[in-house]
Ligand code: SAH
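In structure tokens, the next block holds one chain alone, the form predicted on its own.
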């Protein structure tokens, strides 16, 4: 366990976080460590003593943009030689040697499992020892509710399992985050209870595959058991989770979860492709038919569930007919929302070396068609919510109006309505009077 010793300093930091919710949770820890060390946070890079990029390595385009973003700091680095520029996260783990070679202005590189080493790394970097750290194994040692800083004090992200052993043929995550390691349940429950005592009302349970939580600890249906125990914690009102793997989500777990009042009716179930040959090439571990049956099981047990998904189009060798299978599945399931991408080769993965890689023109064309279909469905499903009343957790003021607030329903739908900042962090009832795509608008009712 790393001991944090607060120190007096007038130094400041800027933290940029990219990618998935796991990275957002990592940002909670990074921010907590830096503030405990005496740094203050600023959005002004020119006054920063430390600029840290917490990165994602899922898509090539994001990596290329980040390279350019860091290069743009070169004039500032020359003007202020004491400035420390650091890169953390999956991209740091995946391209550690390349980063230090191609971006000489970088002083510090460390992987997602080495966040606890940050105080020591900063000390060594300030002594002009440019270095990286990638020895961590993804354990939860030393993580406490006191050691994180939440973007919203009433809502927290909680990592319940780190790493992944699925090795989907297109995905780099298992290589950069390591094997699955579950946080012991007694530690998790104590951690969440501590969060609740500090005013947290909503938690998002995170993992590359939450459904296998506890498997490495010898538990059967550990995830459902964990949710049942969290149900007993006073103060926590809403519980969400990401991400579920269709292969590992059983009907027994669905039935048990459906009996819990705190678990929100929001299920994110990535299907990635609607064709069995492509699913096999992706090494997803389920068929189209099994996936559809899973959706039916969810809807049987949770009638008002909101479904979202991840979809990849343009996978190597995907034919037009096979892509149509994906389109047809989207039309059949009718997701409220979806994260849609065209295939991006990740060096070191099996799919990157497959023959019949499709052109960017074909991939982008298919993505555009997919987005058009899903947007229409999202809008139609949103229109069905007009006239209904929802409980909404108020999260922030709208960026364009101080008199307009933003919140979300139990099913994760964003809602805007007239109100003031005193409502932030509270639950209100909102009657919906209009809708657009995924977002709802309404008025508070007594």
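Positions refer to the first chain, counted from 1. The structure displayed is predicted, hence computed values, not measured ones.
Missing here is the form predicted together with the named molecule; even so, the following discussion is about that form.
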From the list 343, 323, 291, 241, which entry has a heavy atom within 4.5 Å of the named molecule in the predicted bound form? 343
Only one of 221, 310, 265, 216 has a non-hydrogen atom within 4.5 angstroms of the named molecule in the predicted bound form; which is it? 310
Site check 59, 171 and 270: each within 4.5 Å of the named molecule in the predicted bound form by heavy atom: yes
Name the stretch, out of 334 to 342, 254 to 262, 185 to 193, 74 to 82, where some heavy atom lies within 4.5 Å of the named molecule in the predicted bound form. 334 to 342
Please run the contact check for residue 116 against the named molecule in the predicted bound form: heavy atoms, 4.5 angstroms, yes or no? no
Might residue 95 be said to contact the named molecule in the predicted bound form, defining contact as any heavy atom within 4.5 Å? no
Are any of the heavy atoms in residue 275 no more than 4.5 Å from a heavy atom of the named molecule in the predicted bound form? no
Any of the heavy atoms of residue 208 lying within 4.5 Å of the named molecule in the predicted bound form? yes
